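Just the one chain here, the form predicted alone, laid out as structure tokens.
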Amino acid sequence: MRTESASHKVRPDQADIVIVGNGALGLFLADELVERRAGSVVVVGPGNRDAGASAAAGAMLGCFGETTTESLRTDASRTRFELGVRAHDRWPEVTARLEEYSTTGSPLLVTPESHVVLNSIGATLDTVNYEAMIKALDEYGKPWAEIDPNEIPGYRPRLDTRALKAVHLPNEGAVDARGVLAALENRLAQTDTVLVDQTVAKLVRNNGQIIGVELDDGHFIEAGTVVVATGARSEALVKTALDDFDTVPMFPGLGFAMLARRTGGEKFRSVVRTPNRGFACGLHVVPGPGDLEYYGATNRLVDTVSSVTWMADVRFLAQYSMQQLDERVASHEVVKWLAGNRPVTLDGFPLIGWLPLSGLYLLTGTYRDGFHCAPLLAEHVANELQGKPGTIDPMFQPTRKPIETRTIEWSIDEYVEHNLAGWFETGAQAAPQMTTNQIADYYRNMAIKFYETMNIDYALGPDILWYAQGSLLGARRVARYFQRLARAEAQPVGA
């Protein structure tokens, strides 16, 4: 085990590559560049990672556990899904390499396996995603086995939310997210990489190219190349140098989780989770490190990046962890509240590639896949920074138009299905004589009215539709983007 150096206290004047963002994407990229001896590297980011997604992550290595009916339905969705499949194969080597630099005293791989439970509280969306998961496992030849839910260690839900079915995934575990970030920093600190514990206020350009970054205290770092990997804050930072650049919009997906110390009962020894449901990745618990357990996570698209979660989300996570995972959770000691903002693009696909300003590269928009895919994406980005062919599909270029994967009718049906899942999971009340179809019609009419009012023909995903339908600022951002896109398409070539 090695100890951390003081490199994060240094403020250099120049570097070959400045990486803005010290989450999983930024640190894994720095590590890859150091391995390649790609020149001097500086990573800039606040040490507390306030509101960042990586520091709040459960870090489940669950590409198949995350499967939904949408994962393989279109070529574009399949391409993104297969990023996770490829990334998954890298993690055994990654954790083995980082163990030497870990300071946690516990293995970075907190568990090698997962159990996905199908209970009766989340409506039909759980069922169809559960079935889609099994179909995908079979298609890709991955191991799984049906198991009696009562045999899952630690899983002791209340009887009215018990699982009807469960699947054991022996090769989909989880890592200690905060431990991995610390180990990466420790590893980088043993090299010539400089870690700057500050925030970049703006990007600096001159004559059509990026020349460096200005820190929040005014210090300037000259750079040959700048990589923006600041998650949900990336779009705003890019626009400090490219205010007229109109990429696919991105929104913060505020998530809340908690680290709790078990005070009694049998420990969880695997990830235990539901399928993806109700605008989010499903309820889950991740064991370790030590006697801690990670309970997560909520998902709420918001107007601005925030590290303050809603009381409703605290209640939701605590109550449903007790009901659906383990009744003993009620007496656990919460040692840390975690809030992070996932970078959510309008079309649901990442933004990875060179920007129109020379020397400026964007790496963001990974939503819930950033931590899992970080080692794979680091290789791809390092290749492109060195002028070599990339290793992933170029469809994720940030200069693209939004990727289309659904029709308006499909979007409305998805929106209804996700709202019904949320309705029944949260125990929402309606008049006793009101049927499920009537509740569905209520949400369907809301979605139809939204599309009629917005007058757009691009079909939104359920989380973006939920956000834009409920936020005036969000609706305006969406509408203005498509208005600008329409004007650009109508403009004569060469005008």
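This one's a predicted model, so the numbers in the text were calculated from it and none came from an experiment. Residue numbers run from 1 along the displayed sequence.
There is another form of the same protein, the form predicted in complex with a small molecule; it is not shown, and what comes next is about it.
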Since only the chain is shown here, I'm wondering whether Arg444 would be in contact with the small molecule in the predicted bound form (any heavy atom pair within 4.5 Å).
no
Taking the shortest heavy atom distance, is Arg406 within 4.5 Å of the small molecule in the predicted bound form?
no
Classify Val18 as contacting or not contacting the small molecule in the predicted bound form by the rule of any non-hydrogen atom within 4.5 angstroms, answering yes or no.
no
Report whether the minimum heavy atom distance between Leu460 and the small molecule in the predicted bound form is within 4.5 Å. no
- Decide yes or no: are Asn22, Ala297 and Pro343 jointly within 4.5 Å of the small molecule in the predicted bound form, with each residue judged by its heavy atoms? yes
Contact with the small molecule in the predicted bound form, heavy atom within 4.5 Å, among Leu184, Ala163, Leu109, Val200 goes to Val200
The one residue among Gly288, Gly370, Gly348, Pro375 placing a heavy atom within 4.5 Å of the small molecule in the predicted bound form is Gly370
Partner contact check in the predicted bound form: of 423 to 431, 47 to 55, 452 to 460, 29 to 37, the stretch with a heavy atom within 4.5 Å of the small molecule is 47 to 55
